[in-house]
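A lone chain, given as structure tokens: the form predicted on its own.
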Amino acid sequence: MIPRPRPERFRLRRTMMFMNAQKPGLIKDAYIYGCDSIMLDLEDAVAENQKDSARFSLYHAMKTIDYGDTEVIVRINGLDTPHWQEDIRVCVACGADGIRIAKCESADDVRTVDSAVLHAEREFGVEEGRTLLMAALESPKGILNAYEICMASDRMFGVAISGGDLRKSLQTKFQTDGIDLVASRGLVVLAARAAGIQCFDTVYTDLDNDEGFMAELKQNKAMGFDGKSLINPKQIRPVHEIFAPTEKEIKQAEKIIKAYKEQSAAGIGVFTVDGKMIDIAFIPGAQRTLELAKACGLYDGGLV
């Protein structure tokens, strides 16, 4: 058995790469790609008559493979299927870091999973509260209930958009400028930020369209997402590059924090940095920039 430390509710999660939990050849070396999290899939990637096989593969992978610092999340089957309860038992028993609730539409969905996870932790002697949760929003109802979903459990670390089913429900199709999901994305970011958890955008499925992928990543970052779901290892590096703070952003954040400490010590609440008016409202953003830079290995200063 490969023991895993207690998962961190807040950690660097720029990339979450989906992998079929049923295929040992895919998941045995998943950590070598360098993504922040891997998403072992028990849901859509697994045929209906192969669910038991996938759970068996997942359990033994987690018990024998050292994934190191790579977070391991499992996407379970929806609550409208006969599979989700056994999925949860396997996830908890094998020591998965977290569970992604597929097709989540309400706070009650989260609470149902939370209760089943707690029962499994007690059943298998796992530390209570260890297993984290995130929700995938795949319908208009889920999007409109995003805030209540985000607040439904102390285990919740994040919420993600699942674009395929959501576009079908919205009666729209993929648009290169992102207009098809702009309202949904905005609501999810608002809900996550209000609840104090992380938010992740949907997968980009056109693996040959590098230009389109980069454009969507830049839009994701501009909207405030923490990271993105992925389907291929080649997508990891671009995401990490886009979501990492630039050298200019790091230097500016450092200037703001230093100036704030100096000016506040002198009793000054409003000051200028490089000709721009700065007050206390700018400080949390500057701190987040430095924290992200440190997590990305781009900053080793003492201000965070």
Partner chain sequence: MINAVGRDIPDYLLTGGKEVYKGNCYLDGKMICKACRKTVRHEKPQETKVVASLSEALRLCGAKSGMTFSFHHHLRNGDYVSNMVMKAAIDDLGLRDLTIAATSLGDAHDPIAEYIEKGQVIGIQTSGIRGRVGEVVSAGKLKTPAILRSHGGRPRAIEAGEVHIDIAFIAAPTSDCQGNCRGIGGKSNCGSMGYAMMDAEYADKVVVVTDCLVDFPNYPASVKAIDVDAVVVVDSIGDPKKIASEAAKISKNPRDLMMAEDVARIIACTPYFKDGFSFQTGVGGPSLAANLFLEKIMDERSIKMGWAIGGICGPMVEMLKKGKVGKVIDVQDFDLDSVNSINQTPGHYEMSASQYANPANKGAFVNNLDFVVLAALEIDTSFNVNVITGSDGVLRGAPGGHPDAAAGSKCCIIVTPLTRGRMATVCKHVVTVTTPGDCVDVLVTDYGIAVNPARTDLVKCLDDANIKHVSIESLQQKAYSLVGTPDELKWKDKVVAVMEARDGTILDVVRQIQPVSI
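Note that this is a predicted model, so its numbers are computed, not measured. Residue numbers count along the first chain shown, from 1.
Keep in mind that the form predicted in complex with its partner chain is not shown, yet the notes after this line are about it.
For the options A47, M277, A265, I32, the one in contact with its partner chain in the model of the complex, meaning a heavy atom within 4.5 Å, is I32.
Residue heavy atoms within 4.5 Å of its partner chain in the model of the complex occur in exactly one stretch of 96-104, 151-159, 176-184, 229-237, and that stretch is 229-237. Taking non-hydrogen atoms only, K261 never approaches its partner chain to within 4.5 angstroms in the model of the complex. In the model of the complex, its partner chain sits within 4.5 Å of a heavy atom of G297.
Its partner chain in the model of the complex is approached by K28, whose closest heavy atom lies within 4.5 angstroms of it. Contact residues in stretch 195-230 (any heavy atom within 4.5 Å of its partner chain, taken in the model of the complex) are limited to D208.
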